[in-house]
Structures are given as structure tokens and as C-alpha cells.
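One chain follows as C-alpha cells, the form predicted alone.
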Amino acid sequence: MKKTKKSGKNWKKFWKLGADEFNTQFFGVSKDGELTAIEGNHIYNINDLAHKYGTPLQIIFPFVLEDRLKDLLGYFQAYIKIYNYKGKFFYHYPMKVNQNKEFILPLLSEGANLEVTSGNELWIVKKLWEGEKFNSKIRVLCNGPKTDQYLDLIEELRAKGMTIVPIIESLDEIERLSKYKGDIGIRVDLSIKADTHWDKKFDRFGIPEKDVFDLPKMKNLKVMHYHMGSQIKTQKSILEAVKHGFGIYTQLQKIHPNLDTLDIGGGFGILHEKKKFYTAKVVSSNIIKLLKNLSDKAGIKHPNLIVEWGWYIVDPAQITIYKVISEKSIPKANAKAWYIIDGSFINDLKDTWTIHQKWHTIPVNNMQGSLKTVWLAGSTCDSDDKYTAGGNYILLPKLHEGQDQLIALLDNGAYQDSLSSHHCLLSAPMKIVVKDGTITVARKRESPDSIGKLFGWTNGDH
């Protein structure tokens, strides 16, 4: 029996749904207390989808990707016009954030360029290129350490007509890339540090500031790139890096006069907990205004601008659904009980374990019922396979005999798939895509046989 709504309580607000500041503007609560996702006039009942396709289940929302990228492009283009900025703006999606086809193709359709960090990622771009899956004007940036295989593929695609820009990562790449028959870039390790989730006291990426001015003159050097880390916590850190990076850009341009593009990398943060957080609209305005003022003061052309904000674009576009399979009481803790789920944090949402990511966790059903303070545990035999909200607690509905309790963890479109594993040989979640009122199975649920093959076991082995 479904519970009726308790009078006077705004459950949508309680679960922080329908709110731009929490990136949940597409989610709501049905009159029966079940989680819904809204795409225009289409409404998807997440509880129904979970029961139809089973759990663990990951749901991809391409319309969220498209809306976020359209908004971001719109912000920069609007402020370029408002401030009379003469440089061009380019968005490059960093493929390492999520390489799934269901993420990349919608972003390409909305005008994203690409950034790759390995030869294998570039191989995917090659397949798209050969299949005429994107506009011939698309530009691909190539970051990361360059193996011979990676460099060979870069040169092959350039020879075939792709606008592909390798970014010099270290001094030992200069000899080969300085002879490259196309535009190149250089990554600079800025001497300043940003307020990020990670400690960047020592950075192995890019060429140190003190060395970058000693490089030989390169007529094809067009892009100066830097990256300040991931999940930058303050707008101040973003703008300070732009100002500092611009100072290096102006000095480099005196040596390499064809330099015309500043790539400020990724790192734009996404809200998981705090209510007060910077927004893309405000930051894009301030970046353009700052670069215009700095350029005018220096008496140089406004640089073209590239951003690689991947986490910001894709994180809200995927959610993961689990079923609670059992409950264990916890004496003397912030939480009253463990809820054991039918999946694994250490496998499916590895940032829970590696960087202690805090997830926006909500029920999928019984959203209007009585609640309990709990911790969550995965189904592996590993003591780290858990989620405790940093030792605090998670509020979820009390369990009812004979009724499944489903939970959703939001904002896991970034990085989790490529980091996932098969500890205890558990199956990865099934993946479905919801778009235009239809449901498509993107990845079937793994069978014991298919997982065994990953570890060398085939039929007939003993």
C-alpha cells in the first residue's frame, strides 16, 4: 500500500529537487511519493523503471547534457557580445570524464569540440571521423603524455584533414611536435595553486613557468593551456588563474607571435552539499570581462578562449539506483542502521572510496514516509565498500516488510564508469537511456559468464 502525503511538508524541497542550485531542476516527486524525471512534457517514473529493468541500474539523461551545454555556450556567447570581446569561444569536452557513446554523441550534436588524453581515446575519435559522425570543422585537442602510437595517430588524422592540435606536455615532446604540420599548443604548469579537492603542491603535468620561456621559437604554436585541478571550490581561484595565466600568455606571445588562444582547462566545480556556490553564468561573465580588461590594458588582441569543463556538463546526467537488500543495526553511532544495497560503491561509484565523494542520496519510493538515519554498505566483502556521508548520516525511509526500498545516488555521470571495477566479480549496473519519451537499453546486465571471461575463464575451463 502506498503512503499518502503528509500534510504541510514540501517533500520536493526537502529532498532538494527541482532546484537549479543543486542541479536537480529536472527531478520531482509524484503524488505517490516516487521519484520522477522531467524532460519537457515527458515524465519518467524512476520507481517504475527500476522495477521494470531491475537493479542495480544506471539511467542516462541525454537531455540534461544538451541543456547544460547549450546554457554554457549561451552564457559565453552572450557576454562576448555584451562586453564587445573580439576573441572566439570554444568548448572542448574532455573525453576522460565519460567516454560512453551515449554521452559523447549528444554533446557533439550541440556543438562541442573534443579533448583527448590517450591514443585509445583518439582511436574513438578516428572511428567517428571515418564514419562521418561529426562536422569536419570540429577541433580535437590532444593532451596527456604522448606515446609513439599516440603521436602516429595524431599525424595520421592531421594528414587526413582533421583539425587536431597536440598539446606539448613535456620537454621531450618538443622535438617531434615542433615539426608537426599543423597548429600545436603547450601546457604550462602555473606557479600558483587553486583551492581544489586535490593537493597540487607538486604537479607532474605541463612545463614549469621558469622553463617555458626558454623554448625555441615555434611558428605553429597557437594554444597556451593550463589546468588548475578538479572541483575548484571558489570563483576566486578560477579568476586568479585566468589573470596569472594571461600574464604568461602575453610574454609567450612576444616569442611566438602566432599564439592566439588561451585554454583555461577544466576544474569547474559542481555542487553536492554547500548551498552557496558559484554559477557558470556569473563565472563566464567575469572571465570574459577580466580577459577584455587585461587585453586592452596590455594592448594586445583579445585571445580566443577554450574551456574544458567536463565534470560540470556531464555529472548530473546519470543517476544510479540500488535496492536495499537487508538492514543491520548500529549501536552508538550517528546512524541507527546499515542499509546493505544490491550493488557496490567500491565497484560502481569508486569516488566514494577514492576521494570520499559525498553523493546527493534520496529514496526512489516512499519519499513521503517516516525516515531513519542510516549508513549504506555495498555487497562486496570489503570494509571500505560503504557510504557514510563522511561519518555523518543519510536520511532514508524506514524499511517495510514485503516492500522493496529503492535509493538513488545523483550526479555520477563523471568519471565513475571508466574507474569502475569487478571486485568480488559483481556485475556492473545495467544502463538505460531515457530520451524523447522512449527507453533504450545501452548496456545489458552482465552475466557470470561474461564477467568470468574478463578474467580469462571460458566455457570448459577447470
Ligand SMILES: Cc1ncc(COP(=O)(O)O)c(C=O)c1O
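When you see a residue number, it is the position in the sequence shown, counting from 1. Values in this document were obtained by computation on a predicted structure and should not be read as measured data.
We do not show the form predicted in complex with the named molecule, though everything after this point is about it.
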- Message: Test of understanding: in the predicted complex, would residue 338 fall inside 4.5 Å of the named molecule by heavy atoms?
- Response: no
- Query: Does residue 309 reach the named molecule in the predicted complex if we count a contact as any heavy atom within 4.5 Å?
  - Reply: yes
- Using heavy atoms and a 4.5 Å limit, would one call residue 347 a contact residue for the named molecule in the predicted complex? no
- Item | 4.5 Å heavy atom contact, residue 79 to the named molecule in the predicted complex | no
- Query: Hey, with the named molecule in the predicted complex, do 342, 427 and 445 all fall inside the 4.5 Å heavy atom range?
  - Reply: no
- Could you tell me which stretch in 374-382, 219-227, 289-297, 177-185 has residues with non-hydrogen atoms within 4.5 Å of the named molecule in the predicted complex? 219-227
- Proximity to the named molecule in the predicted complex, single hit among 166, 363, 266, 303 (heavy atom within 4.5 Å): 266
- Message: Counting any non-hydrogen atom inside 4.5 Å, which residue from 26, 44, 63, 415 sits next to the named molecule in the predicted complex?
- Response: 415
- Query: Since the partner is left out here, which residues of 86-118 would have a heavy atom within 4.5 Å of the named molecule in the predicted complex?
  - Reply: 94, 96, 97, 115
